Structure formats: structure tokens, C-alpha cells
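Coming up is one lone chain in C-alpha cells, specifically the form predicted alone.
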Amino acid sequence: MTIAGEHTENQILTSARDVFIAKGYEGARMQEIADRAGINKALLHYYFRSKENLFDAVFSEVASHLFPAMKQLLESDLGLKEKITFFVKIYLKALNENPYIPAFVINTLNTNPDGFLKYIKKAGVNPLLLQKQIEDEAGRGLIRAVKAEHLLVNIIAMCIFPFVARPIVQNIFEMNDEEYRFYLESRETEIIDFVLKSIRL
């Protein structure tokens, strides 16, 4: 593909991501995506053929920032506390570098949950590995027994909420943009400390 072709494709993906965030999968229209990308609909179809193909490409780009590292981490030989620490670091880094991810994921969960589940399975992320490790370490008296579904949801919620609810949090605590940036940076230590204390015996 030529440089011009790559530019057009990236322009389409960025435009499609914005429309999917705003309208969801069902509400998104190929014509609107083409208009936002500054191309005609025929050229959009030349690159991606269908809305499903376009959504696949957008989701794959989003997933590439999250799932591979998480899969590798879950399958590693690290202890649970180390995994939690790295999980939070990886997740927050991805959100900081790609602030559109929370809105895209939430909208996809609301409008196309089957598609979201398909991509998680395709990525090979297996949370059951975490539950086995929790049971093993709890059995050896290293941590208190918890459920993986609660632990993971708690971690993800604490990471993602400040990005999703930024206008509310920033307004309530009267933070300017620079102060909020420092607040987001401090979340890493706060979350790791909170979660590790929650599984301590």
C-alpha cells in the first residue's frame, strides 16, 4: 500500500472510531463515516467493503492496545501481586495514550456485546487462569481468598472511571487540566495500593 493509501486508511479508521463512539455499531452509517473522512462512499467500500469489516478493523486497533499484553501477563509465572501491579500499569498506560478507548468500549458493550465477547475470545484472554492462581495463593496463605470476577472488575472500574467521568470529577474537585493530568498519574499508585491491601490477609 502506498503512503497516500495508508493515510486514507488511517483517516477512515479514525473517522469510523469517532462515529462508532458517538452512534454505536447499529447507529453508525457508512455515508457519515465517508463524509467525516473527506472521501466518497465508493472509496470507503473499496477499502473495507462493509460496515462489519470496518468495525472489525477499528476494534482490532483498540484491542491491540489492551489484549496482547494482558494475555501475556495472565499466562506468565509472576506472583499475583506482581500481576496486579503490572496489570494496572499496562491498563492505565493504554488509557492515557488512547483516551478514546473507554468511550469506545462502553459504547460497544451497550450496542454490540456479542461482538465484544467475540474479540475477547479471539484474543485468547482467559480470566480463569487468574482464579486458579488466586485459589493456589490463598491455599498457601499468601493472600485472602477472593473471586477473580470481583478482583478484575474492581481493578478495571478504578482505572477506567476517571477517564469516563472526567468532566464530573474535574468539576467536583475544581481541577484544571494540568491538575487533572497529575491526578491521573497518581491513580496508578493509589489503585495498586488499594487493591493489594484488599487481598492482604
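Here the rigid core means the biggest group of C-alpha atoms that line up within 1.5 Å when the two forms are laid on top of each other. Residue indices: 1-based, along the sequence shown. Remember, it's a predicted structure, so these values are computed and weren't measured experimentally.
Note that the form predicted together with another copy of the chain isn't included here; everything after this is about it.
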Among R29, K41, K132, R49, just one has a heavy atom within 4.5 Å of another copy of the chain in the model of the complex, namely R29
For E149, is any heavy atom within 4.5 Å of another copy of the chain in the model of the complex, or not? yes
Heavy atom to heavy atom, is N171 within 4.5 Å of another copy of the chain in the model of the complex? yes
If we define contact as a non-hydrogen atom of the residue within 4.5 angstroms of the partner, is T8 a contact of another copy of the chain in the model of the complex? no
Verify the contact flag for F55: yes if a non-hydrogen atom of it lies within 4.5 Å of a non-hydrogen atom of another copy of the chain in the model of the complex, no if not. no
Core aligned, does the CA of E188 move at least 2 Å between this form and the one not shown? no
So, superposing on the core, is the move of A63 at the CA at least 2 angstroms between this form and the one not shown? yes
Taking the rigid core as the reference frame, is the Cα of K51 displaced by 2 Å or more between this form and the one not shown? yes
Cα distance between F59 and L129, which in the model of the complex differs by 3 Å or more from this form, closer or farther: farther
